[in-house]
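Take a look at this single chain, the form predicted on its own, given in structure tokens.
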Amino acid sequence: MENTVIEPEHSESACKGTLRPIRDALDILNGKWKLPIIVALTFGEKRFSEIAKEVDGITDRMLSKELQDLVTNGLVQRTVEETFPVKVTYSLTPHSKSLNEVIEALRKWGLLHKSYLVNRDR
């Protein structure tokens, strides 16, 4: 992702034009669980229990809700195999790959910010 600086236009419509798509993205990715679920699935297709183990602290109820939201928004695919017992797996959709740069930028910023917090008082 380029280090592009958004040059401010000093108008209300420019501000709204910038904020609207950001708000739309945040509405889809809101909460503390959706991105960790997506990251867990970047390492491959998983069953519900596997995701629950990888995403520390999430309850089964919350994981179920968040997976439903991610499926509804086209970021995760739910596949049901008619075996005995029935096997349900979750995987990322091709559309979810559009988040790769966003996730990497957040990862880098998280490391940078942690370093800043640790070193600012030295």
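Each residue number is its position in the shown sequence, starting from 1. In this text, all values refer to a predicted model and were calculated from it rather than measured experimentally.
One more form of this protein exists, namely the form predicted in complex with a further copy of the same chain; it is left out here, but the text below deals with it.
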item	value
Candidate site D60, E82 and K87: all three near a further copy of the same chain in the predicted complex by heavy atom within 4.5 Å	no
Distance check, T72 to a further copy of the same chain in the predicted complex, heavy atom within 4.5 Å	yes
In the predicted complex, K32 touching a further copy of the same chain (heavy atom, 4.5 Å)	yes
Any non-hydrogen atom of K65 within 4.5 angstroms of a further copy of the same chain in the predicted complex	no
Any non-hydrogen atom of R120 within 4.5 angstroms of a further copy of the same chain in the predicted complex	yes
Members of 104 to 122 lying within 4.5 angstroms of a further copy of the same chain, judged by heavy atom, in the predicted complex	A105, L106, R107, K108, W109, G110, L111, L112, H113, K114, Y116, R120
